[in-house]
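The data below hold one chain only, encoded as structure tokens and taken in the form predicted on its own.
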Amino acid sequence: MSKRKPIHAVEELRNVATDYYQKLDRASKDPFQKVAWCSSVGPAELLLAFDFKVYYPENHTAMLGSSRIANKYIPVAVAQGYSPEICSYLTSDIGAFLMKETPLTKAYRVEEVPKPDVLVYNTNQCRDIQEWFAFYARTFNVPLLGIHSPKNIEEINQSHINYVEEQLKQMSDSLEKISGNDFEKKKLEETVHLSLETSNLWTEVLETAIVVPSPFTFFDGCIHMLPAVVLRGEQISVDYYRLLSQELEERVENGVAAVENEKYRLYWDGMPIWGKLRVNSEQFLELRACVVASTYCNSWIFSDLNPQVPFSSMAKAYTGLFINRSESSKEKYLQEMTKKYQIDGIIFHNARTCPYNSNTSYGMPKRIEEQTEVPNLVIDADLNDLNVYSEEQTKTNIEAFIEQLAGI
């Protein structure tokens, strides 16, 4: 049997994650320190510029999924009136909160999630993020601030940027009052600069997979993306990706493949199946198939950030998110990625409770296959709710798909 090749930087990643969560825990107990909750592609740079410690519930609920305990909590939220059809990130996170349990305890010796002084979201991801954060705003009786992004964008134009930029500036006024700190443009420029550096280095990491054989997989990316999500805008994320990038470049130089005897190169569209990350990774490994790229991991590439024009560049970067684009715009992107990474096949994850981040409902897989002549497989599952995941069916479908590629 093939073995997964460990990435040595993961030891430092554990230290980075532990330090991040323990600092958040201390900040939550410090009466002089303000804590902000932020959606994963929300305006983190602005919060950091006001000296908030920033917590990301989406990372917490991905931990619930990867720990395979989300289904313990989803029914608790459903009992409160939340539909089982809405985002399982939302239902599992609220359920865990209501049961006063968190995977942070086992992983980082943190007893509870930090208490927020403000919650900030961006609807560039979905409507559910607004309702998710609204639950906590009511529970903790704290302000809820949101950016409402234009949807289904073909090409971003100046009116889109102006619309979001104005909301960011209004949010800045509110954050100034909540934090008790004056707005300093220089601080915002610094955090945007660090986010851009993080984004550029994360891009370097992901693009090492262009090389054949690839030194890195989508499944590795789901683990190593943590600093890009929860620590962008801070120096520590820059330092970490320099370390990881160096290790991967050494792999490239020495011909070290993430998948030994790599035979097939795949693309993953949609969310990870968090509770089956290892299972899926190992199956593709055995089949000599390397999932070299994904829309998900690339969602934290913000190359439009510019510290010289922080507000307008944040507006452009966060509005240009893949999930926020039109079907035709997404198709152009996927066409480019299949060429860039020499893709042999595409995996579309149709996540039951995440229709916003699933691209299977309106005929895209068929159109992409016609446009690129790259075959694809649709996997029906979910990001956190494993009750809708069929182990045997998924395994059989993946095996049949690889056999199909072998016959082409």
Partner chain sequence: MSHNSLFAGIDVGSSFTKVVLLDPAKNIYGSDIRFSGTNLRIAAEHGLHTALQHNNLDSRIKRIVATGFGRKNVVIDNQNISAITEISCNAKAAQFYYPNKALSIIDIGGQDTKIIKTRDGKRISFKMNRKCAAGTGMFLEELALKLRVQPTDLNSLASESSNPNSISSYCTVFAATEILSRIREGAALEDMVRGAFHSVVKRVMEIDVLENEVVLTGGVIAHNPTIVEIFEEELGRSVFVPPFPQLFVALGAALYALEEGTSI
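Bear in mind the structure is a predicted one, so any value in this text is a computation, not a measurement. Residue numbers count along the first chain shown, from 1.
Omitted here: the form predicted in complex with its partner chain. The next part is about that form.
The shortest heavy atom separation between Glu399 and its partner chain in the predicted bound form is within 4.5 Å. Using a 4.5 angstroms limit between non-hydrogen atoms, Val10 is distant from its partner chain in the predicted bound form.
Contact annotation: Gln393 falls within 4.5 Å of its partner chain in the predicted bound form, judged by heavy atom distances. For the chain shown alone, Asn350 is a contact residue for its partner chain in the predicted bound form, at least one non-hydrogen atom being within 4.5 angstroms. The stretch among 49-57, 31-39, 335-343, 374-382 whose residues place heavy atoms within 4.5 Å of its partner chain in the predicted bound form is 374-382.
Here the marked residues Leu98, Asp173 and Ile178 all miss its partner chain in the predicted bound form; none has a heavy atom within 4.5 angstroms. Counting a residue when any of its non-hydrogen atoms is within 4.5 Å of its partner chain in the predicted bound form, there are no hits in 204-232.
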